[in-house]
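In the structure tokens that follow, a single protein chain appears in two forms: structure 1, then structure 2.
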Structure 1
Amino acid sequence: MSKKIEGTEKQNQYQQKLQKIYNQCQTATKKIRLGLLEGCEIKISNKDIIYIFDAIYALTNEVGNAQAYKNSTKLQNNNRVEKVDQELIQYFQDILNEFIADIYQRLNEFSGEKESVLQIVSKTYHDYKAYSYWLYKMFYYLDKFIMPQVGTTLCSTSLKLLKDGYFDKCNKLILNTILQFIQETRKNGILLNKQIKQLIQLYSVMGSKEVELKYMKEVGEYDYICKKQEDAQRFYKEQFQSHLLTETSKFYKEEIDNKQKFTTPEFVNWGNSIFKLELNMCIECYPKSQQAIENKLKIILVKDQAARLVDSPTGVGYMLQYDKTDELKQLFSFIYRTKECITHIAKAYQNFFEQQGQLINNSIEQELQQIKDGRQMHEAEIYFTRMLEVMEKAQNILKNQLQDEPEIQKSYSGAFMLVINKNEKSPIWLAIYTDIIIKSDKGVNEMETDKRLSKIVSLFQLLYQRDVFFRHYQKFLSNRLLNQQIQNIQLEKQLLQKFKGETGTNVLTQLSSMINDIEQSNRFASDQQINKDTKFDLNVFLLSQGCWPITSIQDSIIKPLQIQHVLENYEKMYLEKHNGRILTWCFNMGQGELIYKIQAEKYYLNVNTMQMIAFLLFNQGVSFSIKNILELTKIDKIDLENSLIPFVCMKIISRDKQDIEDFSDENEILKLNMSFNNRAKKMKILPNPKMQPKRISKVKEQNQEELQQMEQINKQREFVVDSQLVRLMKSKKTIKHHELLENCQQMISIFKPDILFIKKRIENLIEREYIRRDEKDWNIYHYLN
């Protein structure tokens, strides 16, 4: 009986102490609430907080000791003793629920006024965190030793109570209030009220199950710190961000519909202002949604509008046409936010410069009368000068306005590659243009020279038929190397080195050999002192057979006595130095300078070797029949026409027939014009098409020669493709059809083989038993060892 009485007394004591703690908490919380309500400093001392803390500590410690004693003596459980901890926790919850009920009631009174809702929610959320923080300090002992047994914390309990008793009930009201303020901000362009940030923070923490409540001294605010960001982030996205994105999309789609009449620059300026406004709003109030908002705007403003903006009458084409470079740069920067949309700019850029290039293709014939430096420009020079101007403009725009974007760089190459290769004459014209540029390079500084060569290479990079270009380039290179007046070995090497960086072919080896021949010839002449004891300067070029574009060698021509002895001495000297080699004189390729004296005047005539041989005959007499000249020189009749008619045209030799009539009558007499006089003392008498008879056979010969050249090129192409196909098959052993085609195309740089051409070569290799088809799958090939 005494034990039962003793237990009842203990219960009463516990109850009294609990009530005392509750009363002390009520007194303290009234002070806290009063301070929060008035917005002034909370007038509660640490002494009051410590007093409550000590009371809770003493009670829970006393209850804990009693419980331990009962467990050790195995006395009957006293349920009331065990419930002291729960009652303390309940006190904590009741005090918070009372506060929550008050703030919810205040909110309901102004639910129809968004300004009031904004202020009340912002203020009450701040007050609740402060209120919870002070209670946490009072009940800290519970949080440290009792709450872990329950499986939560006081801070987490505080947040859960707020969510259940306040946030869940007014979530829709809070969300609508936030969205209304955001819409007003977007319409007016004025940044959000900072109190919105407090409301949005609710969504950042309400999904958290574990939080800490801390006082941030730096900003003077209380805040929940989430321990598990995943839960909070999920809740934030579902309850706030998803609605924000939906409203954002809806708002700006309506805005875009109202701005369809905007020009491209106007829309870009408006779009940039939207990105700036939204970025500031995100940074200020909802930074967690910054990336999502930016992505949504990229879709609405950029991705969905890119094609329209680029192709509009004030889009890329207009900007390029009228040099609106600043507007183009702004458009690029705007669309660059979504890289996949750069395709639209790249396509418009390519279309514009394709059109510009095609205009050059179409108009080149109308511009053949242009004059430069006192001479009529060749159509190749006109064509590539204009093309380079357009390419330079495109390149400057690409670099300065379009940031050298790789995709647009491809469009640049694609545009000019298409245009230049549409012109069938491009490979030939580029060889001619290169020849003109190199010949005009004298007196130009190294930097300018390198710039010119780089332009030639940039054009070369765009060619499909590089083998055709090299065939013609080789002829022009031959003429330049064999003419000492325009010969520039160093420049030729420099250009050749640039070509090697673009394509590695046997042709380049031949070109290098040609330059090497000239260098060796010059060294041999210098070492052997060739010109010593001779009456005239002799320059001999030793050309390796097979490297030079020599179509025919006319070695049966009768050498004039004036040079025969010198040539024989040279031949003897060379063969002594290089025993076993064979020398053949190519009189149809050399050049020389004749000194022509008449009437006390001296003229310097620049002629080729056959002209020199034919004209030297007139040292023996003032007139000769054509038949006599043919017999005395053994020069081919057509070559003789080409050689002597320029003398007739320049009035050095006179004839009874028209100047450029052919030598059909071999009995016709050619005479020296003894009254010849000319102001120019140096004259070029070299054969040219304007000083040649019109021959039907000549046109046929040219056509036949072109056909032969193309036939040779096709044979070389067949060899190139065959070698690459065999190389691939040898390394792979087995390969699929499409892989073989793709790899073969990628490996060939000297020309661009089409698919049909490669397929024909595959069939040829099958016939020649280099490869075979798979018996079950004809799209698979096997290499035959």
Structure 2
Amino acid sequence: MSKKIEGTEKQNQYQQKLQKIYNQCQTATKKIRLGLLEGCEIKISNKDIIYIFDAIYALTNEVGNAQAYKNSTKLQNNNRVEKVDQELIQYFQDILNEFIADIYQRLNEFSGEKESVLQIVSKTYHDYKAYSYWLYKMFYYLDKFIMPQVGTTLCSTSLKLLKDGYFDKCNKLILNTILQFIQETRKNGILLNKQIKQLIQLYSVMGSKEVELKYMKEVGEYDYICKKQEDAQRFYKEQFQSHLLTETSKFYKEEIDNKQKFTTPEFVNWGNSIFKLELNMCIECYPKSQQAIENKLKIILVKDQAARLVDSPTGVGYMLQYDKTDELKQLFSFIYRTKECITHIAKAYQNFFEQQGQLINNSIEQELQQIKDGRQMHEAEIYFTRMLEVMEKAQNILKNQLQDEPEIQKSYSGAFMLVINKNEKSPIWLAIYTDIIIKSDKGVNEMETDKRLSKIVSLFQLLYQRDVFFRHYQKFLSNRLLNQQIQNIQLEKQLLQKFKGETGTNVLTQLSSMINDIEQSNRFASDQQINKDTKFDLNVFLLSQGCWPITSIQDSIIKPLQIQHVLENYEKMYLEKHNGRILTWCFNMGQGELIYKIQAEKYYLNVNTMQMIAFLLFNQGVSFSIKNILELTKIDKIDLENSLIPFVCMKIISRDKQDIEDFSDENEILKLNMSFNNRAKKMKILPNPKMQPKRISKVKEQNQEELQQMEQINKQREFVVDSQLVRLMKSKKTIKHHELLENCQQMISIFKPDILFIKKRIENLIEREYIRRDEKDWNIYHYLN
């Protein structure tokens, strides 16, 4: 284009060319529409398209160049050039509008029936896309050169025209049709017509301002591809999804109202089927709304119903009571869809097992005594055996049906903690139970032992007053360790290790040094081979002072000659090895066997050392006054009563005053029963509460002792809390009240201090000027160096 041509002349030329394009288009579109009407593949020769394509190219190119030229020379006359472009665009739009008017017309004819609406809309939508696509092909160059100046594209225009001329007008109708189909599907429980997907497709593109139209050959479908997803999505949500959700919740709320009489399992089954159906529908028809629908359903079906389902008469309590494990599992996975609703199950679970535990708590007092393996069962044993059964059940259900959900795990420990700590005897009973278990452990294989130990530990974990437990445990441990028949050091160590692991801190030094003592003693004995040169087996336990529950040591007791030599020998050997240590003998803790010969019979008497000392006196004479015995042995009177009354009961010794129980008359004479005769040759004569005189003072003493012990424990607890508080304050310097409280509670594992207790200790520390309150914020404490 080098020569300048007169404007109007040029214009005419353009006009002619345009007309030609019009005509060509007319023929082409007619062909397309015909093809669409027949519903078959669009048959249009490339030639037709290429011609229009080229013509538009030539025209736009020419105009474009002219334009560029003009732009570079002077800025005038360009409105006339633009006119050509506009006319082309207008023409493109006209063709489409004509089509739109046509399909709208068709829709209106059938608007009454939803089936036909569905058919027509999806068909025409498809047709329109196809039509637009081919037109787009023809007008391709328009898109390339001119549309960008107008700020849109052919495809976007096509969509906009459809929206304005068609979709906006029948939006309501389409929406209702879709919803009707969905409703029907829900009523029948089967997905009826996937075709609504086409209609829903409309909603997901209509909001977009910029689209591209693509033809997917494989499936023979045309589709708008949105360029800006946000717009499209917003439109979809506002125009379709919101309505869908309202309908959904309305529908199911009604359904649920009708299903109030369902039992929990029935409801769960129904609910599951709904979830399945809805998911199916989502995937098939409106995948974009899957999340929203699912959330909605979770609220309506799970969240709103969870409490009712769990607490209903056929809910969790019932399932647990009657072992409906499968139903429980289903209920769990149903409610698990909304995770926070698990609390309902957790609560019900906790309630149920609290009740179960409480039943055991209440019934144990009135329980008839039970016999197991030929011996009477201690109530502690009955109690914990039962409790462990319930715990195992709870544990199994937790593991198998409730997926070990952390929330329910908490309920598990919460329930049993409450129950076990409600029984104030738990600490001592657990000590007794542990004792029974350990004693019965001989000859059991390792696996079984481990199982038993972990049971004890699982109970221990739930116990608050562990310090009280350990106090009792210490006594039993002492008895076990000092009795060679039941001594099982390996096992004791194992168990102690487990307790240590639970309490975290090293509060069990006393207990471990007890075990250590025994080991040391055994080692010392085997090193020295001490018992070789004595008349009888001497087994000595070296007990560290302060580690064993020994209340009194009677050091003044006069040892009989028979023992004296051996003991002195031992002392000598020990002190040689460990110079500077002090040894004292605890006669009341040792045991031995006496051979008692009378009337040509030999009896083996199982006694403790104290008894041995007292009874050996009768080697020197047949009868002694009580006063005499006391003087000759220097045994405490109460101990003497305890020691010798069993002999009286077994009729080995006879006494003057049968009618008095205790040895209150010191002039009373004790005599050997020379005509003693018993079929049993082995006898246990160990002191035994049943054979002790009733002492009023003793009951009082015991009570006092208990009080003292409680006081002692309380003192210890104060120390523990104090030290924990000071340690925290020392490291933090400044700390908030509740933080201090929480940290302190967390750190203490040996018992469970309540808030009041800690608060009192804090006050005490303030008074003792370890810490002070902040002047302005009294919720803050400062550490005072």
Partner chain sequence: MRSKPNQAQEDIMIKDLQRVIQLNDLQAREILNQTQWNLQKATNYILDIQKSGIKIEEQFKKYATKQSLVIDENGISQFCKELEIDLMDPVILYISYIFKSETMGIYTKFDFLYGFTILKVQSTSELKKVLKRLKDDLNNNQEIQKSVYKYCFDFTKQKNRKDIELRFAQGLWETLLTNTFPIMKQFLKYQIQEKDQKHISRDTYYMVWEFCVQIGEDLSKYDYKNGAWPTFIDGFYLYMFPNHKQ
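Start at 1 and count along the sequence of structure 1; that gives the residue numbers used here. Here, rigid core means the biggest group of C-alpha atoms that superpose within 1.5 Å across both forms. Since the structure is predicted, the reported quantities are computational estimates derived from the model, not experimental observations.
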- Query: Here are two forms of the same chain; which is the form predicted on its own?
  - Reply: 1
- 2 Å or more on the CA of K671 between structures 1 and 2, with the rigid core superposed, yes or no? yes
- Determine, after fitting the two forms on their core, whether E230 shows a C-alpha shift of 2 Å or more between structures 1 and 2. no
- C-alpha of I735 moved at least 2 Å between structures 1 and 2 on rigid core: yes
- Query: Core-aligned, what's the Cα displacement of K597 between structures 1 and 2 in Å?
  - Reply: 5.0
